[in-house]
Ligand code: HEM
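Single chain ahead, by itself, as structure tokens, in the form predicted on its own.
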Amino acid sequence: MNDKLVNNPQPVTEPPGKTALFISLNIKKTAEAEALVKSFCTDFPALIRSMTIRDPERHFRGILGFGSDAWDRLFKSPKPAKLHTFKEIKGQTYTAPSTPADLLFHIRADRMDHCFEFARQIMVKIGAAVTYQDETFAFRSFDGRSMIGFIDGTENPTGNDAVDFAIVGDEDPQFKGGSYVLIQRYVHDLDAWNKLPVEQQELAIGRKKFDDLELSEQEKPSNAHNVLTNIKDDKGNDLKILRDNLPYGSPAEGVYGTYFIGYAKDPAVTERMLSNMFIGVPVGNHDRLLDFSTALTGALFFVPSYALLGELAGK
């Protein structure tokens, strides 16, 4: 077994379900509210076990993360080494906004009723202590395609690689088994996107639309999405994150979007990807996809291991 798993991490690296519910909440600034949320840290794993037992074939999973300010208020120090408030990334043309929140719930299952029921149970427990910030119902589309028609998450690490890239290890031993997660909710201008010839869409993404094959280095322009989000360290080794993106939307309202969610053992990798997208490499050479996609939210959280979650309740 990978030694990063000894602290029983939350199900960050497990396969996503067919539906998901993403909820961002803020904790009321009262001692009573903070105490209620801290006590919920003990209840959370039990709620998950109850949901899983009720229908084990539906691949139910729930993940709880804490924002930087919430960590300071609830648990004081020590604090995960790289947990901070996500800072706005402002490019010459587009901006990745900062919309920090205290709590993130990433709820996944093969059926939305399971996600909905678990969210209801959460609010029964802590509803009096929190205020709503964002709630997004999302779904898997056909063969894993995003709202813009391309398969999403092709470059995701799997197996032990997923653990190595997404789960904190000995670099921060007190928080081993945890993960940093960054979220952004995007809305797409599908009318404008769909007017682009498929060949131009493929150049914007850096992959073929039908069969998902990657374009050659000679074919890909410098502002292709998979060029700017391909990150390497000083030795030329790939640095990856684990994405669980899903589409969401409302045809009646004309809203079509993608909920981006990226797990990493080091949030600097995700933030570097976003900097490349919004600021550009070189500066001004922003991600072509941003001409059709607007980021509405942006926040960073830390997802503690189950072992640590139990300890936090007593702090």
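Quick note: we count residues from 1 along the sequence shown, nothing fancier. Keep in mind that this is a model prediction, so the values were computed, not measured.
What comes next is about the form predicted together with ligand HEM, which is not displayed.
Would you kindly say which of Ser141, Gln121, Asn226, Thr99 lies with a heavy atom within 4.5 Å of ligand HEM in the model of the complex? None of the other options qualify; the answer is Asn226.
Work out which of Val168, Ile205, Leu83, Val130 lies within 4.5 Å of ligand HEM in the model of the complex, going by heavy atoms. Selected residue: Ile205.
Residues Ile148, Asn230 and Leu289 are flagged as a possible site; in the model of the complex, is every one of them within 4.5 Å of ligand HEM by some non-hydrogen atom? All three within 4.5 Å in the model of the complex.
68 to 76, 133 to 141, 103 to 111, 148 to 156: which one contacts ligand HEM in the model of the complex at 4.5 Å, heavy atom to heavy atom? Heavy-atom contact with the partner occurs in 148 to 156.
So in the model of the complex, does Ser293 come within 4.5 Å of ligand HEM, heavy atom to heavy atom? It does: once ligand HEM is placed as it appears in the model of the complex, Ser293 has a heavy atom within 4.5 Å of it.
With a cut-off of 4.5 Å between heavy atoms, is Ile63 one of the residues that contacts ligand HEM in the model of the complex? Taking the distances in the model of the complex, the answer for Ile63 is no, it never comes within 4.5 Å of ligand HEM.
Does ligand HEM get within 4.5 angstroms of any non-hydrogen atom of Phe260 in the model of the complex? Yes, Phe260 lies within 4.5 Å of ligand HEM in the model of the complex.
Indicate whether ligand HEM has at least one heavy atom within 4.5 Å of a heavy atom of Cys41 in the model of the complex. Flag for Cys41 set to no.
Which residues, if any, of 69 to 103 lie within 4.5 Å of ligand HEM in the model of the complex when only heavy atoms count? Residues within 4.5 Å: none.
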